[in-house]
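Okay, so here's just one chain, in structure tokens, the form predicted alone.
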């Protein structure tokens, strides 16, 4: 019997000594096929494209294979090359075409470009932008995404290197995906059920003119490629498998994985920036350009991706589908997402096709989509982001309101109430899952610094302290920076607990910044993007030093997860109180607020907040349905009496009154 083999297994001609045939246009990128590798790349304006092949680590190409005209379909050049050793192969493209920047064309055949669809880049050394081919042989075993309800998430934002890079982390592979795996028991003990990883797409760690360091990574060069230097096995080209192993182990622990993704710009910058990939492949397609060929800059970093161009839109979709389907990630947080709603000239689109496509994509259907709903050009869409009933938003108004209330500003008590019940003024039709509540994030002060500094201290960034936000709504509690004053330290500790307790008692999806539960400081630096070291790495010695804060945070998270009434319900299930029961004070001078979250069953929680510098005695409403009030937390109490284990809260001695201390928050629960 004759055995038929796949037709693609046969070369039809030789180019530069290699057997080849016309390739398949889709999928883009380098894909292993029987006997060879299929290379497919898009360029609408190129006059010629050449595949450049290298042996691993060698400076000169081992071969350059021009794509014959017959290998082009439309704007796609595709070729299958046979007989390659993919485990030692590196590759790129030379692309020629017009060099007329005023028309948007910047072709330069002297350069070898990265494949924008590469699943791996070499990631280090002088050839760090070269592309590689993945083997795609990872064993997922029985991995299934946890599929947690959005409103049940407690998100924990962390930096892969910073989380375990410090010597005190005690892990075998500090600063890597593998190191993070070793810390999963810590995440479980803390109680978070979702990690949001700051950018893990390949980026250049040296592309900063001030300190020479790019730590955060918000300048991608390889959108499909997990960062090699975050992998203990990165130099062995195992970063894809190591990242997948991280996801699998987090899922086994019941923890979802969100990626912080950057599609608003790239590391190529403006006219002065390097040519790495898009600029040389088809600059006029991939970037928003002015009529005379300059770069629009809505990102604040020099260039802006032309995300609603059909080709770029397809690229973004392909990328996210890859991370969801092949890497099993559970969702995405989109940096400066308001840009994704702009047209090619920067205009605001009424029905942005990219955002709509992401919302209705069949592969992304059950993945979380979270927008940072603003951009660097002043477009602020918190509450008005095109959501298609799918998108959530980082709620910047929640952050600002809680900060101002905890600080003691007047006139914010009424808005605090709105933020605590899920910001229905902005999200009434979308539900509480639409708002991702946070007080701190990577961008700005840590929680400890928020209560330790009135002003930013970014001198070490090399920009004359001009960088970073000036509107922090912070308060140093009486002394700027480090101090030994016990009264100041006690107040700062209480203010941190106040912010954490309000965050975890609010409806919406809470997000914590990694290390806030341990009192991590950046010494007042609110824009530490350019520091890769002790300033930004988590010092695990704080676990012992600030054990009380960790214990308090852990119990507050556990309390939230034990009480569904804090995670959802109609605004009508919340009743407001003040110093007198059933009489909230909405006046501008009010600093006292109490909320009764009553789900109608056995789940009933009373949250009282006082931002005044004096104590107050609050009249309590009767505990409903014949139950009695029990004290879960009181931030005015000295640790460890500031919070109890959920389920073991002691009964309140006086069931009709609650004394709430200066600048404090208390929570009662019925039993």
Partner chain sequence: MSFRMKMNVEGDTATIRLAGELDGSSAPELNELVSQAVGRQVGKLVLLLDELTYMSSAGVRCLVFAHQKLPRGSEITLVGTKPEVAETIRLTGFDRSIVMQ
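It should be emphasised that the depicted structure is a prediction, and the values quoted were computed from it without experimental measurement. Residue numbers count along the first chain shown, from 1.
In what follows, reference is made to the form predicted together with the partner chain, a form of this protein that is not presented.
A heavy atom within 4.5 Å of the partner chain in the model of the complex is found for one listed residue only; from 410, 275, 135, 253, this is 135. Just one of 110, 347, 87, 292 comes within 4.5 Å of the partner chain in the model of the complex, counting any heavy atom, and that one is 87.
Annotated contact segment (heavy atom within 4.5 Å of the partner chain in the model of the complex): 167-175, selected among 454-462, 436-444, 556-564, 167-175.
The candidate site formed by 141, 236 and 249 is fully in contact with the partner chain in the model of the complex, as each residue has a non-hydrogen atom within 4.5 angstroms of it. Proximity of residue 232 to the partner chain in the model of the complex: non-hydrogen atoms within 4.5 Å are present. The partner chain is not shown here, but in the model of the complex it comes within 4.5 Å of a heavy atom of residue 245.
Contact check for residue 532: no non-hydrogen atom falls within 4.5 Å of the partner chain in the model of the complex. Residue 157 falls outside the set of residues with a heavy atom inside 4.5 Å of the partner chain in the model of the complex.
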